[in-house]
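Taking the form predicted on its own, here's one chain by itself in structure tokens.
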């Protein structure tokens, strides 16, 4: 009787042990502002991962972008962070510097080489990769064929100087402002031109090369190549100006073409598409990479990395781009998929734009100063923007404006 009781107890104990041994490892991953629009994509993605990985259970949680950081910090403090979190590039650099996310080099293996060169550079901090690159986009040029033909512009610009020259020719020949590039982040323009902003703890953007670069914008503004309110032009205003014939080109993300197709069919019918040229920085303009990081304290980093690689592999990224219709993969092979490249020779501007943008993705970079470099980032960026605007709009010589901004930055940087 005693032996029978012991066997029964043992069976229960071993039964629980077996159940415990078979319990799945839950891998919760957070995204920002993607539900409910992309519920179908993520539900299928989770199901596919769980089916292919017995013992692992992915769980998707979406939240507003401004909830991500406080909730993550709280979860790390509580010892229960999620497996993966959707970050942008500045957050990657900020949290890597704090030691609150894990370097991924030991988990990436061969997958590292599947991502574009620019994407890996974006998420590398002090020589270590801290994120799985995910979706991105870049600027393209959409142009009115009739206006460019009237101006005698026959080929897409191969570099920024040709872009400037074409703009001057368009406005001189037709009287129409050529374009309204977004000037709200001039640090990004310096990086695009291959010009440094801060070196060895000092602001350095008043060199002769920086002055010459900003002078090009001042000359364009003075000649009417850019509209008088160019510093107020954002995504919506640029589309409206192009659709109404007030500018000859858009220099924006390819999804803007969908708006032209819908809102201005006559303009859309005579719209062509070209790459936005690279400059000395060898970077495609207009990128903003999203990614996934593994927080410090995640219980099973190797399993989290398995999910990170799955969510950002070629197949997943192409499928997500098809779902959004506005984003592009950060993987090399993903951008070669027929979904993007089939439009390369199409007469349809939306299809052309998708192909042209995909061909630029390998050079896509997120052009910002990493968090922590500037001690008073908002005030310093405002000072630079104010001085740039004064210089471009002709209220101050370019050299004087950049000298004043550099002096103000260095006063902050030396404290």
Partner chain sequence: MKTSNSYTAIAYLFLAPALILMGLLTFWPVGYNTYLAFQDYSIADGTATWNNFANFKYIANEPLFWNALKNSALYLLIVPVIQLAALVVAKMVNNKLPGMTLFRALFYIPVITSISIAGVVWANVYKYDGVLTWLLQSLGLIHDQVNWLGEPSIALYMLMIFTFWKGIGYYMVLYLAGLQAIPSEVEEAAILDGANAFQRFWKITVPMVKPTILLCTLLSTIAAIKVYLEVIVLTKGQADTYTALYYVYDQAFRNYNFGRAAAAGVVVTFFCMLLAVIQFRFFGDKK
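The model shown is predicted, which means the values in this text are computed figures rather than measured ones. Positions refer to the first chain, counted from 1.
There is also a form predicted in complex with the partner chain; it is not shown, and the following applies to it.
Scanning 281, 343, 227, 295 against the partner chain in the predicted bound form with a 4.5 Å heavy atom cut-off leaves one residue, 227.
Contact annotation: of the candidates 51, 382, 44, 37, the single residue with a non-hydrogen atom within 4.5 angstroms of the partner chain in the predicted bound form is 382. Contact with the partner chain in the predicted bound form holds for none of 154, 190 and 387, as no heavy atom of theirs lies within 4.5 Å. Among heavy atoms of residue 97, none comes within 4.5 Å of the partner chain in the predicted bound form. Shown alone here, residue 235 lies farther than 4.5 Å from the partner chain in the predicted bound form, counting heavy atoms only.
Although the partner is absent here, residue 73 lies within 4.5 Å of the partner chain in the predicted bound form, judged by heavy atoms. In the predicted bound form, the partner chain sits within 4.5 Å of a heavy atom belonging to residue 221. None of 204-212, 146-154, 97-105, 327-335 except one has non-hydrogen atoms within 4.5 angstroms of the partner chain in the predicted bound form; the exception is 97-105. For the partner-free chain shown, 376, 377, 378, 379, 382 of 365-387 come within 4.5 angstroms of the partner chain in the predicted bound form, judged by any non-hydrogen atom.
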